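As a starting point, one isolated chain is supplied in structure tokens, in the form predicted alone.
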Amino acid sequence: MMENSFYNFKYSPPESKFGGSLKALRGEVLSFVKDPFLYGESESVVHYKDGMVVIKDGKVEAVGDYADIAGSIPMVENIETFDDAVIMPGFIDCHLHYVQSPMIASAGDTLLAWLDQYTFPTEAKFRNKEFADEVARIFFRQLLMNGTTTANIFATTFPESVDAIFEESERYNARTICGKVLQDRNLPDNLKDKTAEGSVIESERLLKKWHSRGRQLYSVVPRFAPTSSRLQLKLAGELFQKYKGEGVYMHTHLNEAENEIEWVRQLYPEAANYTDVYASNGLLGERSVFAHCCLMKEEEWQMLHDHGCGIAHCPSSNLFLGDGQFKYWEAKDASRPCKVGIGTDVGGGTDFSVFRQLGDAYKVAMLHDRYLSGLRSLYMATLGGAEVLGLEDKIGSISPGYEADIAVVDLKPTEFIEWRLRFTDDIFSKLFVLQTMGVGMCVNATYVAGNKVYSK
């Protein structure tokens, strides 16, 4: 068996094995061009049984049937061919905590008890830069092994935790969104910001250091309303408003569990609802990303729609911690549709694979007698996630001009899967089998900005 290979770039990735700026991938190609929740499924997807993707200077130059592309671009001499695999946009993880990697799969209780027992003690270790560097290195390899090319990541209180993940991401030239977590109350002293003012000043310093440095992007990150004082939420909103025109994000949690919602109600009795707490502090906008949104009122959906906010559906985490269950049919109501992507939510989530989350998303929907098709779920993992992050003009699709972030999914990862897929008729049925069975190591290769960064 071949060992996994990582190509450890440093800031300026070297040319690939193709030896020039023009390269190509050949195989079955699948990508999205529209939201299949709002448009017909057939008009939302492009599929080439024998396709070719031409890459130039880190972007997609052309895509189409091999017979057409190979003849129209004769300069492509070096073509990497993938048999029994599907070339797809790289997966987009809209919400996860890299600092929780050391405690993933810790036996839980309620969300709040789980935070106290496992999460807070683990995150307190990230004051140590060497520890943060080690976790960032291991974590980022897990992303690449699973075909994740863009991630919206929580760090923790300490600036060392932010620098560590951005430095690791920058080595691969990956698109990563992260920020210092703002949290100044209702958690242990060794993890707590000393002052609200100081925490936001530190966040702004990191923002100026990392935002738009290469493909790195910054996010203002109040953990969730209960762990920020009123002053800190107010200052976080002011920071977000100050820089949102420059593409800065806001990232937090919303309506994950009943006891969390009740806690917010006690802390903010004047608020109309949980979402209103964030809205009243200027934290809603087109690059605001809210994780979970399991227990929403109609007026809250409307608020998120009106402000263009994005939602990260985290099915594995919600099932593992026994939280509320996300209702995609509410979020995608055609009268006020919201943008929805997928989040692994490591370490509440139990796997780094966005692709494997889709099997859990299907089960969560079926608990409410709702069917989530394989096509729609794959959209959420790719172009849907890009829309959540406001990057749908750059990533999430294999289209000319888009950044060449690509995952190659293996259709023969095991002997049994190879045999099982003989009884499927179309590509979506095949991929549904893979995501439902939760097969590990189903990614053959991962490309970031056109460079191969991982190979199985």
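On a predicted model such as this, the values are computed, not experimentally measured, just so you know. Each residue number is its position in the shown sequence, starting from 1.
In what follows, reference is made to the form predicted together with guanine, a form of this protein that is not presented.
**Q** Looking at 339, 253, 175, 356, which is the one with a non-hydrogen atom within 4.5 Å of guanine in the predicted complex?
**A** In short, 253.
**Q** Looking at 217, 284, 296, 321, which has any heavy atom no more than 4.5 Å from guanine in the predicted complex?
**A** Partner contact (heavy atom, 4.5 Å) among the options: 321.
**Q** Even though the partner isn't displayed, in the predicted complex is residue 223 close enough to guanine, meaning a heavy atom within 4.5 Å?
**A** It does: once guanine is placed as it appears in the predicted complex, residue 223 has a heavy atom within 4.5 Å of it.
**Q** Do residue 317 and guanine share at least one heavy atom pair within 4.5 Å in the predicted complex?
**A** Residue 317: yes, in contact with guanine in the predicted complex.
**Q** Heavy atom to heavy atom, is residue 180 within 4.5 Å of guanine in the predicted complex?
**A** Contact check for residue 180: no, nothing within 4.5 Å of guanine in the predicted complex.
**Q** Contact with guanine in the predicted complex for residue 111, defined as at least one heavy atom pair within 4.5 Å: yes or no?
**A** Because a heavy atom of residue 111 falls inside 4.5 Å of guanine in the predicted complex, the answer is yes.
**Q** Check 100, 115 and 292: does every one of them have a heavy atom within 4.5 Å of guanine in the predicted complex?
**A** Yes, because 100, 115 and 292 each have a heavy atom that approaches guanine to within 4.5 Å in the predicted complex.
**Q** Tell me which stretch of 115-123, 203-211, 233-241, 167-175 has a heavy atom within 4.5 angstroms of guanine in the predicted complex.
**A** Careful reading of the contacts points to 115-123.
**Q** With the partner left out here, which residues of 334-349 have a non-hydrogen atom within 4.5 Å of guanine in the predicted complex?
**A** Contacting residue: only 345.
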